[in-house]
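Given next, in structure tokens, is a single chain: the form predicted alone.
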């Protein structure tokens, strides 16, 4: 059984798509959004930055949004609710609650041990290693779908997960594979 007690993961970024289920007049919206940019010839939406919570929102006339930069799902919910309150002040009507879908979560972490990436690249399926191009092993997890960048120091980046649970499960699968191919010992204390 893989020991996960020394594994650390921290959310670095969450990207979510949001549907407000209402059309928006972007000319009006830009007037109420601080720290915003709107140039329809350049990009069809408003780029809006909030300081609290610290996120960026892409706001489209269809009522669809992309929220990025969040460190928690709660930050996304707070940002969407803050925007809705601002939009109500300019007469936007909402028939139902917004639909928020997490598209990607990025985690940084540490497995707590060092690795021989050459040995991993030779043994482990579903991985790529081109040290001349990138100093880490790229390991693809099929289910839950995620990509883990593994560095010789034991540091990792996990991308593509849709939840924190999925990220932990992807790391668990990587460690099981490393154990299965004899690339870490079961008794190692980490």
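Numbering follows the first chain given and starts at 1. Just so you know, these numbers come straight off a predicted model, no measurement behind them.
The discussion below concerns the form predicted in complex with the DNA, not included here.
Report yes if all three of 36, 80 and 173 come within 4.5 Å of the DNA in the predicted complex by some heavy atom, otherwise no.
No, because 36, 80 and 173 lack any heavy atom that approaches the DNA to within 4.5 Å in the predicted complex.
Can you check whether residue 159 is within 4.5 Å of the DNA in the predicted complex, heavy atom basis?
Heavy-atom contact with the DNA at 4.5 Å: present for residue 159.
Touches the DNA in the predicted complex: residue 126 (any heavy atom, 4.5 Å):
Flag for residue 126 set to no.
Contact between residue 31 and the DNA in the predicted complex at 4.5 Å, heavy atoms?
Heavy-atom contact with the DNA at 4.5 Å: absent for residue 31.
Heavy atom of residue 53 within 4.5 Å of the DNA in the predicted complex:
So residue 53 does not count as contacting the DNA.
Within 4.5 Å of the DNA in the predicted complex: residues from 26 to 63 (heavy atom criterion):
Going through 26 to 63 in order - heavy atoms within 4.5 Å of the DNA in the predicted complex - the hits are 37, 42, 43, 44, 47, 49, 54, 56, 58, 60, 62.
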